[in-house]
Every structure is written in C-alpha cells, then in structure tokens.
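One chain follows as structure tokens, the form predicted alone.
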Amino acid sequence: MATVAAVIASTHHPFYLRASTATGDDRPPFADEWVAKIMAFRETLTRARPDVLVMVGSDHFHQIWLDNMPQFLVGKAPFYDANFYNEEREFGLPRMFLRGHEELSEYVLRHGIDAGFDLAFSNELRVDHSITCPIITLRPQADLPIVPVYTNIFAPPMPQPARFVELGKAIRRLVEEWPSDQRVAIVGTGHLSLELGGPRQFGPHGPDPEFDRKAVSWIASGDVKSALAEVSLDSLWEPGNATHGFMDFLLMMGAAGENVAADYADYLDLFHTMEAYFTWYPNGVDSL
C-alpha cells in the first residue's frame, strides 16, 4: 500500500515569486523574512521524500465558471498546463507544464465515488496559482507528478464545511489503500481571512486578525471540532468575502486527522493577509 509521507497545508499568495526575486528598491521590506520562512517550510516536504503530490486547490474562475460548477473535481490528465495570462501579467507567474499521475487520479476517482463522493473529473484541466504557488514554494523544480483536486469555495451553493473535512479523511484513506509502494504527499492550500475587491482588501493586515488567530490555533492543534462549531457558510462571509477558502484548510485537517497537532506550524502577517504553513507526518518524524 502507498505511504502518506506528509500532509501539508498553506496559503497560496501569488505575489511570493515576484517579492522573493525582486532586487534593489523593488524588493519589499518583508521579502527576506518571507523567503526565510518559505525555505524552512520547503524543507518539511523535502525531508518526506515524496514520489507523488496530491494537490488540493480551487480554481479562481479561470477555467471553471458558473455555467458548470462542480463541487469537487479531480484532474486525470497525463499533463497539465499551468497558470493563466492574468496570473502572468498581475503576479509575474511563469507558464508551467506539470506531469500528472493518471493511475492515482483514476484510483481516487473510482474509489472516491464508491465512498459516496460524487466527484467530477477533467481530462483537460488547466491549473492556476492555487496549485502552482505551493509548487513554487515547496517544490520549485516541479519534477513530481501531481493529482489535482479542485474544490468549490467561491460559488454558492457550496458544500458545507463538514463535507470538506470528510473529503480530506477520504483522500487520506484512499491514498493509503492505493496498491503502490509510492510515497505520497497531500498538499492543500486555502485562505485565512481574505477580502478580494472589497473595502478591506489592502489593509495593514488580514481583514480579521481575530479570525486568523483562531484559525491558526485550530489548524496547528488539529481542533476540527472547535473549528466546525464556529465556522459556517454564513459566518465565513464576515472575516472577508474570500474567507470560504478556509474550508480547504478544513479539508487538510481532515486528511491530517482530528486532534492531531501539526509537526510544523508557522505564519507571517503580511500587509493584507496572514500567511500560514503547516506540516504533519502521519507516520511520525522518526519514520522519515
């Protein structure tokens, strides 16, 4: 059976690449601290020695639109084109070409459907910065095959937060049941409090520091119960209009296991958002 070598959750700030490579007067004052945190975070994946990455993210209305919005979608292509023109223009992200892992994609689809999740699939998925940003930060050589899993965190009606937790548990179980000797890292990215296009978009910190503080505590300690007791589809509008991305963190908490504290936790409060980074080693640090 396959090994879940690591479960990793983070934010996916699209300006990291530009900030980290800027020089002179163009380099923001927080860049050096941000780079140092990313380098430490990257090592948590490197030491897990993965062969495959299951990548959980959310399309930002790039390819998936309101005329056909799946709640949960699995890519099953042999290759994935990555990043869109506006991401190149606005964020300086490069075009990327990522290898898929068709066997694991098909296994997750078949057995995920049998487990009660009506998963959609795509043979022509093009992925955006929710997938490419964690690759840039965690595995910049982009040399590992991926299984993309997209969730709907933008277009009501959305799945309930508890459903994200259950899907995370299912993905972990399916990977562990996959008849393979491969080492798999499950990597997912979401949001803490976040405002896009609204009056709180570019404040001195995230739009709701109190929510961010609680969210980091929930994730770091694996406290799924407390998170679900306070978080709902209605309440997530209050910390910021894009805070439903926190449900992807809930998915990763499900994959890591309830009440399982992260082996690595860090954060960085930037000018308009809090960045956060978490890693779990399901088989223990000593197994690496």
Partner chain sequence: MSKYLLDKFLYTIDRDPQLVERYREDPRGTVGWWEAEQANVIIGCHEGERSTWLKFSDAERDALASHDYAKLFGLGAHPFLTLTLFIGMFERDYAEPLAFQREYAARLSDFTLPYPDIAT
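Quick caveat: nothing in here was measured; it's all calculated off a predicted structure. Residue numbers count along the first chain shown, from 1.
FYI, the form predicted together with the partner chain isn't displayed, but the following is about it.
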Considering non-hydrogen atoms and a 4.5 Å limit, does the partner chain approach residue 71 in the predicted complex?
no
Please determine whether residue 86 contacts the partner chain in the predicted complex, using a 4.5 Å cut-off between heavy atoms.
yes
With heavy atoms only and a cut-off of 4.5 Å, decide whether residue 154 touches the partner chain in the predicted complex.
yes
Since only the chain is shown here, I'm wondering whether residue 238 would be in contact with the partner chain in the predicted complex (any heavy atom pair within 4.5 Å).
yes
Partner-contacting position among 160, 180, 201, 122 - heavy atom within 4.5 Å of the partner chain in the predicted complex
201
Only one of 216, 144, 96, 196 has a non-hydrogen atom within 4.5 angstroms of the partner chain in the predicted complex; which is it?
196
Looking at heavy atoms inside 4.5 Å, which stretch does the partner chain contact in the predicted complex, given the options 219-227, 31-39, 248-256, 54-62?
54-62
Could you list which residues of 248-282 come within 4.5 Å of the partner chain in the predicted complex, counting heavy atoms only?
271
